[in-house]
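The chain below stands alone and is given in structure tokens; this is the form predicted alone.
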Amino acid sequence: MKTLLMTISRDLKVAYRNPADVINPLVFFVIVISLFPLGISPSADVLVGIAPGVIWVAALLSCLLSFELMFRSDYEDGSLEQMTFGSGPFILVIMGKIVSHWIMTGLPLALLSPLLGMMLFVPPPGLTALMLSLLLATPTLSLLGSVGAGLTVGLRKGGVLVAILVLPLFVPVLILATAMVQTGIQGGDYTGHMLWLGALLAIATGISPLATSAAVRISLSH
């Protein structure tokens, strides 16, 4: 636990010193959603129909922007290679980086989502479903994205390759999350969607840190 907490604390301090890396995905999220009422229609009936897909696609793309940064600074200064030989288990270092990535990216997106949902005329039950879907599914995105980030850590401009690697893995999360928000907007019961998203999170939590630690070691060995 000490290794895990130290890694999270270190990454949050690094992010505090480089706020642009944290703010850019959030600004992108807000801008993309803000443009839809201007580009499609200001009508409430139109916007509430597309709101689940728009908000979730924007959130997914915002997360993609940040995956390349997950290991980049540690790789460039050589500390990532030292971590692989550290006294603590390397998988806990990886887990700490995934948690800190979610705190800096997924959590702010979830907290911003009700405000942006109101801008798209999402009713209160839909806003609750939207926030819950982001809180449940964005950790899964961080876990799955870490695998792609680990595989491309030694490559220059690996952001596009990360997107190609992880986007197919995001499709089930995107489908379930948007369906959950749509069900919430219609006043239905979305407990089943939450259970499926929770199951995906549990599976990703068990597999992704192992796969990411192996991916990072492979990348560093070449």
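Since the model is a prediction, treat every value here as computed from it, not as a measurement. Residue indices: 1-based, along the sequence shown.
There is also a form predicted together with another copy of the chain; it is not shown, and the following applies to it.
Using a 4.5 Å heavy atom cutoff, none of I103, L112 and P125 lies near another copy of the chain in the predicted bound form.
Contact annotation: L60 falls within 4.5 Å of another copy of the chain in the predicted bound form, judged by heavy atom distances. Within this chain, P25 lines the site of another copy of the chain in the predicted bound form, having a heavy atom no more than 4.5 Å away. For the chain shown alone, V160 is a contact residue for another copy of the chain in the predicted bound form, at least one non-hydrogen atom being within 4.5 angstroms. Contact between G187 and another copy of the chain in the predicted bound form is not found at the 4.5 Å heavy atom cutoff.
In sequence order, V171, L174, I175, T178, Q182 are the residues of 169-192 having a heavy atom within 4.5 Å of another copy of the chain in the predicted bound form; the partner itself is omitted from this view.
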